[in-house]
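First comes one chain, alone, set out as structure tokens in the form predicted on its own.
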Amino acid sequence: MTLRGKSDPGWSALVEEWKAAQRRLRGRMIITPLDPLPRFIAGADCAFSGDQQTIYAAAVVYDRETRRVIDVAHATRPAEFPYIPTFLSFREGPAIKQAIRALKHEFGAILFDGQGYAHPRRCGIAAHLAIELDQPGIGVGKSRLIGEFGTLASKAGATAPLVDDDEQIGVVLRTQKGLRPVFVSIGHRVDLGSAVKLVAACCTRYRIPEPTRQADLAVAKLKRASDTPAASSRRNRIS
């Protein structure tokens, strides 16, 4: 399969459709406290094959009380689009949603590896997918997409508002002393205070909260098993 890209006819129109979809979804976002914080938290992440033609996605359910993963699900789909900043959900979303929907154990919220409200149109991948799934969702970005923040103390648990155009769009959270912070923003059916509390509650000794860290490990394992020379050869023959 060949990725659709900017050279395709109608690409500009497609991007405008995506922008409109993000704005419509933003209008459906529910902001409300998540109280009490749920015990079982889903995490999701994805990776790409070496040739960028295949998306591997993994979703896990993490038990905060026992600190272990109790469910794992996978999805594999062809990649339709290249990476375009601020439109990550259209590239990765279908595979991630498929993996989340394949989970068998219940969960009370989803942590996504990406932005939620902290997005130019206030609808990053965490918001987009959480709204479509109608599940409480939180964006946990490993890097800043937009916004500015002030001085952040080096101690674990330190926070600073992430602000864009005089609006607080998220919180910068240092999960471990001396390590780089993460960028927390709401996705759907959660408020910012609850989002920060839940992310902090899901962190152990690592910078990244366990649900998304474990999803990253699961998808890396899936990629190693699938993205071998033999598997690539099989895909090439099929295509």
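Quick note: we count residues from 1 along the sequence shown, nothing fancier. Computed from a prediction, not measured in an experiment: that's the story for all the values here.
Quick note: we don't show the form predicted in complex with the DNA, though the next part is all about it.
Check whether residue 124 has any heavy atom within 4.5 Å of a heavy atom of the DNA in the predicted bound form, and answer yes or no.
Yes - in the predicted bound form, heavy atoms of residue 124 and the DNA come within 4.5 Å of each other.
Wondering, does residue 145 line up within 4.5 Å of the DNA in the predicted bound form on heavy atoms?
Answer yes; at least one heavy atom of residue 145 falls within 4.5 Å of the DNA in the predicted bound form.
With a 4.5 Å heavy atom cut-off, would you call residue 47 a contact of the DNA in the predicted bound form?
Contact check for residue 47: yes, within 4.5 Å of the DNA in the predicted bound form.
Would residue 52 count as a contact of the DNA in the predicted bound form, using a 4.5 angstroms cut-off between non-hydrogen atoms?
The answer is yes: residue 52 has a heavy atom within 4.5 Å of the DNA.
Taking the partner as it appears in the predicted bound form, which of 68-76, 130-138, 159-167, 107-115 has residues with heavy atoms within 4.5 Å of the DNA?
Checking each option against the 4.5 Å cut-off leaves 107-115.
Check, residue by residue, if 85, 119 and 223 all come within 4.5 Å of the DNA in the predicted bound form, counting heavy atoms only.
Looking in the predicted bound form, the three residues 85, 119 and 223 all sit within 4.5 Å of the DNA (heavy atoms).
Scan 90-104 and note down the residues that get a heavy atom within 4.5 Å of the DNA in the predicted bound form; none is a fine answer too.
Contacting residues: 91, 92.
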